[in-house]
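Only one chain comes next, encoded as structure tokens, the form predicted on its own.
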Amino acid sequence: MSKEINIPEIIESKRDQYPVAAATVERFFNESIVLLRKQMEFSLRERGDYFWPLAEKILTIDQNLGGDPIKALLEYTLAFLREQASFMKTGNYRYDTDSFNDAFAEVYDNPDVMENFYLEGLLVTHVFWPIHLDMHRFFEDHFLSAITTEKSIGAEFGFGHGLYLYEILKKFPDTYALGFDISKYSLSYAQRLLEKNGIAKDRFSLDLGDVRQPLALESNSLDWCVFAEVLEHIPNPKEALTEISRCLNPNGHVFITTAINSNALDHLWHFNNMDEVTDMLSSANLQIVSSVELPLSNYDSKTKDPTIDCAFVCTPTK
């Protein structure tokens, strides 16, 4: 049985050290966000040592952008739950591999989605969804530690909100980052996130780009790469992975995440199990260095939701 925790006491004990996080968590519970209450209690009880410093960092980033994290989180979570409920009933995602243009029009090119809740909501799930909290921890422990040279050049494809680029550029002051995303709204949001949170403009270059096409980069030109939450969004994930492998130098590393049996507003490619993901990575000339598999049932033993999030750090097999 899970131990009981005193929420107000925990918040008060963290207020001096983590003021932004404490105020936001207090607001979360005061507004009686029943939808995610169990998940938040899990994080405070089981992940407290990691939760608080990460929450302070991400919620400060959001505050610097003038965001409303609770509102965005709720809209993003509700949108996900609606799609996942449909998948659990029908066995099908909203879109399929022939429907990318529809997903682009309805999500990535739609300001009512991208600007109103999608980008900010996804950003703050790294705080409020324990499954994404653990994913972020894996990124820090296994990918950031794999970037062995201070003066490196790397790229993120499908950078979305830009948090991973921020983490890399903040940790490695001599690193230069490229970023490519299909959405002009992601481009604008990530640019603001980096600039308003202390990353100099001359340390990165963000542009529109489509990973469904060959990458306009030389072979072996990247020291690192991030390809997070993209595989399930595109109709040709193996081809994109193969291109990323081509662009990495022999000692380079790539951080990859995807979702298994998990629908969302914009998921196209349905992975049924972990073996399908690892087989695709291998066939795209990538060798797994480390990985994590995170079933939603790890956080709620009573859930019937089959969602599994997974993440990998890989090197090219050249």
Partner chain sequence: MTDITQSLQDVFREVFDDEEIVITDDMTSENIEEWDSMMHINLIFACEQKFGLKFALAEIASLRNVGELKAIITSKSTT
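These figures come from a predicted structure and were not determined experimentally. Positions refer to the first chain, counted from 1.
What comes next is about the form predicted together with its partner chain, which is not displayed.
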Exactly one of L74, M135, I182, M114 comes within 4.5 Å of its partner chain in the predicted bound form through a heavy atom, and that residue is L74
Checking A200, I153, L78, A105 against its partner chain in the predicted bound form, the residue with a non-hydrogen atom inside 4.5 angstroms turns out to be L78
Taking the shortest heavy atom distance, is K170 within 4.5 Å of its partner chain in the predicted bound form?
no
Margin query: Even though the partner isn't displayed, in the predicted bound form is D279 close enough to its partner chain, meaning a heavy atom within 4.5 Å?
Written below: no
Q: Would you check, heavy atoms only and a 4.5 Å threshold, whether Q191 touches its partner chain in the predicted bound form?
A: no
Can any non-hydrogen atom of R45 be found within 4.5 angstroms of its partner chain in the predicted bound form?
no
Testing 94-102, 216-224, 137-145, 80-88 against its partner chain in the predicted bound form with a 4.5 Å heavy atom criterion leaves exactly one stretch, namely 80-88
Restricting to 302-317, the residues within 4.5 Å of its partner chain in the predicted bound form through any heavy atom are K302, T303, K304, D305
